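Below you will find one chain, with nothing else, as structure tokens; this is the form predicted on its own, and questions on how it binds or moves follow later.
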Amino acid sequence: MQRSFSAPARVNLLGEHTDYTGGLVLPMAIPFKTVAAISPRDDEQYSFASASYTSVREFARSDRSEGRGDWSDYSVGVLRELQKLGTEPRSFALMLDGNVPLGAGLSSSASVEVASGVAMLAYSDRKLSMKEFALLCQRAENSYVHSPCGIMDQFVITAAKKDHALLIDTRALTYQHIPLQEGGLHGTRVIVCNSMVKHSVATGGYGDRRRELEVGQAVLLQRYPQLRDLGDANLQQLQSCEADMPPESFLRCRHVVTENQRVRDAVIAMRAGDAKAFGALMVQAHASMSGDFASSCEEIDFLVETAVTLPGCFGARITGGGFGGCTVNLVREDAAQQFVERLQEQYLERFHVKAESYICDAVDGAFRANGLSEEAE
């Protein structure tokens, strides 16, 4: 009998490139989703198919082959991690479908991993805690897809709560659900604008930036051995090491240190219901991503610079790994539709491309959406 399981996409409000150096992030799950339908087979085979691709991947249960560099690696990687834990699901066919925009920086890859993983867990009658499960999906992407992502995407897609953002301490893997409307950013909407410039974490500049960041972090930890990672560092400590690290490493590290502080300040603003202060932090974050982290592009910069001139917009910034993808915008609720129309008009006039825009609600993560317990039973 076929059973279906879903996982949302995510947008990150603040805290970019901090999740692999022990920092803070503030994402939310949004109502795009991946659906994984799993059904038994009567042979000794696993098969993986997708409504978005014509190819089907099929192999024997005993097969332990490496990834093949396509869409199927995200699901097969999760299977491999389950097998490492001693779970050997009986034969199955897994079919993927969904509406998460590909290459938009909204974490279509983690959505596939989480939906696939939830389906395989249920099919195998295996229980994992939310934290264990998110880490398993991250390992799948790191080890099998060979993409150097942090934990944020898999964690929020697993653990999010409707009408809340999720504050995650990515070192301790502790989290808090922060209300978006009740005492939070009441009377505002989160609007995602897709530049239509494709983004990929598995290739290109993301890996380069991460390596540059890690070089700088190593210098900092040598000078200050009491620090565990950049998540512990302050700006004064970093500045004292500037002469000892490559210039690009200093800039990447400065982004992370200042971004962690912006997340702390953003939570204070949310709890105070101060949309203006939150929006100002978004603008500062974009300047840091574009400048110190050098991970924006002409189209994204145009969207941000245009957005903040439009009525009702409190702030805007790039979201996701960078090098294309989407912006996230905080807009007064009664101005949301006009904001979308005017931003699309100006982007079309400048680049002759329609920038898709989505007015987003915060939705439940996969564990809640599929009725799973947060802790292993």
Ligand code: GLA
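Since we're looking at a predicted model, the values are computed, not measured. Start at 1 and count along the sequence shown; that's the residue number.
In what follows, reference is made to the form predicted in complex with alpha-D-galactopyranose (GLA), a form of this protein that is not presented.
**Q** Identify, from the list Cys193, Met282, Met152, Ala307, the residue with a heavy atom within 4.5 Å of alpha-D-galactopyranose (GLA) in the predicted complex.
**A** Checking each option against alpha-D-galactopyranose (GLA) in the predicted complex, the one that comes within 4.5 Å is Met152.
**Q** Please identify, from 33-41, 65-73, 328-336, 314-322, the stretch that has a heavy atom within 4.5 Å of alpha-D-galactopyranose (GLA) in the predicted complex.
**A** Of the options given, it is 314-322.
**Q** Does alpha-D-galactopyranose (GLA) get within 4.5 angstroms of any non-hydrogen atom of Phe302 in the predicted complex?
**A** No, Phe302 stays farther than 4.5 Å from alpha-D-galactopyranose (GLA) in the predicted complex.
**Q** Given that alpha-D-galactopyranose (GLA) is not shown alongside this chain, does Tyr206 nevertheless sit within 4.5 Å of it in the predicted complex, heavy atom to heavy atom?
**A** Tyr206: contacts alpha-D-galactopyranose (GLA) in the predicted complex.
**Q** Any of the heavy atoms of Tyr20 lying within 4.5 Å of alpha-D-galactopyranose (GLA) in the predicted complex?
**A** Residue-level check for Tyr20: yes, a contact with alpha-D-galactopyranose (GLA).
**Q** What residues in 292-309 sit within 4.5 Å of alpha-D-galactopyranose (GLA) in the predicted complex, counting heavy atoms only?
**A** Counting only heavy atoms within 4.5 Å of alpha-D-galactopyranose (GLA) in the predicted complex, no residue of 292-309 makes contact.
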